[in-house]
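Next comes just one chain, in structure tokens: the form predicted alone.
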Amino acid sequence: MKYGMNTLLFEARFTNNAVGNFPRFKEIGFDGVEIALQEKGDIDTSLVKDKLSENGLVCGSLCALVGAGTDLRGPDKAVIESGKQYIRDLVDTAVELGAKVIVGPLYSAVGRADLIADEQRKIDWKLVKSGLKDVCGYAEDKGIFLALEPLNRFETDFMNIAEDALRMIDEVGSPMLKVHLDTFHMNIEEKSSADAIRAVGDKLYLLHASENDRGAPGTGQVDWSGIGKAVKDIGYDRWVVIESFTPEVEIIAKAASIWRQTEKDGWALAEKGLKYIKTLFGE
């Protein structure tokens, strides 16, 4: 198993300055970093890769930050094209950084959660499927996997459970399209997080570890015992990445409704969480 830290715990927007966190990541015991990238031009990939290497780390994955202007559902062709270009930019960045997978809600903007008519839902599904087919072709040429993350009902109305992601993968038909599961979202939406993991099986390409309150894994009500067993049952040995938040990064705290501290600070959360998931999943 490989263990990573999502940069949103410390940075709302990852830039070159964020490499200053790398020595501490290594000291705590992480194997790599999951970089949440808003725009391709935000970083010098050569610099970031060198700083990762200097600290004995790798970029295990890129986390997509899809907004209203890069939504594969539109509302218009310009937004859809911008969404496809954003994913292609992430693919290029992943190649430059040596990452193999891009994760997140690639299908739509986070926070787009509305009661829409069934007919519009079908239209949206077709739009996303078409957009993903286009970008998957680009990803195939570059050898980069795209992993779809179901989100909870308050953050999206489009893809909430693992079954939704599997259906999209089946319809798109690309070998580069996979699943990204998050323990926080599963805790809200799935009947059983463990069963969802087993259903995804070898299509699981990244697991986000976060508690039910978005705090350190192992400190709340998430079914860690069941998740640990399910991960073992499917033979998963890819990245487990902590994606948790604190009020210290105000933009992210507001977006994720983080109104109180669950730990002393982000570093305490990262250290406690990593210690727990290493105990649960093994070195």
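Remember, predicted model here, so these are calculated numbers, not experimental data. From 1 onward, residues are counted along the sequence shown.
This protein has a second form, the form predicted in complex with a small molecule, left out of what is shown; the following refers to that one.
**Prompt:** Is K49 a contact residue for the small molecule in the model of the complex, using a 4.5 Å heavy atom cut-off?
**Reply:** Contact with the small molecule, no.
Can you tell me if D124 lies within 4.5 angstroms of the small molecule in the model of the complex, counting non-hydrogen atoms only? Flag for D124 set to no.
(Q) Can you tell me if R238 lies within 4.5 angstroms of the small molecule in the model of the complex, counting non-hydrogen atoms only? (A) Taking the distances in the model of the complex, the answer for R238 is no, it never comes within 4.5 Å of the small molecule.
| query | Any chance A216 has a heavy atom within 4.5 Å of the small molecule in the model of the complex? | reply | No, A216 stays farther than 4.5 Å from the small molecule in the model of the complex.
Practice prompt. Go through I258, I43, V231, C63 and name the one with a heavy atom inside 4.5 Å of the small molecule in the model of the complex.
Written response: Comparing distances to the small molecule in the model of the complex, the residue within 4.5 Å is C63.
**Prompt:** In terms of non-hydrogen atoms within 4.5 angstroms, which of the given stretches 168-176, 149-157, 132-140, 112-120 touches the small molecule in the model of the complex?
**Reply:** Going through the listed ranges, the match is 149-157.
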